[in-house]
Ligand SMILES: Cc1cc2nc3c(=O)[nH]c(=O)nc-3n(C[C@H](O)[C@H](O)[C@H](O)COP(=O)(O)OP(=O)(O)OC[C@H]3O[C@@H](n4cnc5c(N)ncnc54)[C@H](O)[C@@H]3O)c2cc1C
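Before any questions on binding or motion, here is one chain by itself as structure tokens, the form predicted alone.
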């Protein structure tokens, strides 16, 4: 292990390696990524891996859209010899109430103005896209063909290999034990494999972001909540787009290999870092999805798992340098969508560290917004 670095990134999920790659691409030297297990072992490898441009605020639409553009050419951009398996089957988002339809109409105007090719369709048109869809409670739906699903392990691997080719050091199975600061400035990172002197640290620790911030005396207004997912046996292709509904509390996607991945939010999910699975989720998920997509009731569940959503009060990420500790940057609190915006997270944080103007204005996502009471709410979350 090297004992001195210009930048140390804590967290080997896709956000961490994306930040490392973008910094190295901009010419930064001596970059280190520290991951306590294997790459993508946290939220990245446990996510539903969907990516969508259909959001309800301009900033989120732009960040997500630009991330999708990168993912579309990721194999080429990152010189990846394998394939990140980007299946652009679109997202079909269902509205079941008049209020939801009105919100979707607002969202579409915004999305279309920003060049996102989403459109409103009737329940009959939705059924043509997904013939197995139960539309009895569907008022309308929106569909965007550029949305889709990506293999999170391969995408992370692509970024990590590209970063290493540019000189980034990635230390796996290495745990951060402490961060030493003096007079409000970072001095070094203490790990179980040795110390690294540095004056810049990026907290990209996902579900463990709060604990890392506490090491420098920063109290993040976040908590990590368990979210569960299940996967079925693989079958021949029968579902093109991701089917999602905010009001029905579900998302479901068929992977390129044929398995169905699906998830939903739960009531009273634990916030004690637990990533166990529950019977309650399996029962409610089965009832939710078989009502919407009845043929799935015939499939066998292969396994289920859980990961951590690192959640902020407004369910928006926290980006940027903290005002109290110089050189301590945050890329945390993604509230379940860190994977889909990782390309832009990497670029935006790299721009800040390099002292460049951000490609997209993310000043409203600083940590200080919570002190000021200037929260940024997103209407399109599940």
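Positions refer to the first chain, counted from 1. Source: prediction; values computed, not measured.
Quick note: we don't show the form predicted together with the ligand, though the next part is all about it.
- Only one segment in the set 208-216, 72-80, 296-304, 120-128 has residues whose heavy atoms sit within 4.5 Å of the ligand in the predicted bound form; it is 208-216.
- This chain appears without its partner; in the predicted bound form, the one residue of 350, 34, 31, 63 with a heavy atom within 4.5 Å of the ligand is 34.
- Between the ligand and the residues 340, 318, 344, 53, the one pair within 4.5 Å by heavy atoms in the predicted bound form involves 340.
- Interface membership of residue 309, defined by any non-hydrogen atom within 4.5 Å of the ligand in the predicted bound form, is confirmed.
- Within 4.5 Å of some heavy atom of the ligand in the predicted bound form lies at least one heavy atom of residue 14.
- By the criterion of a heavy atom within 4.5 Å, residue 197 is excluded from the residues contacting the ligand in the predicted bound form.
- Taking the partner from the other structure, the ligand in the predicted bound form has a heavy atom within 4.5 Å of a heavy atom of residue 227.
- Taking the ligand as it sits in the predicted bound form, the stretch 39-78 comes within 4.5 angstroms of it through a non-hydrogen atom at 41, 42, 43, 44, 46, 47, 48, 49, 50.
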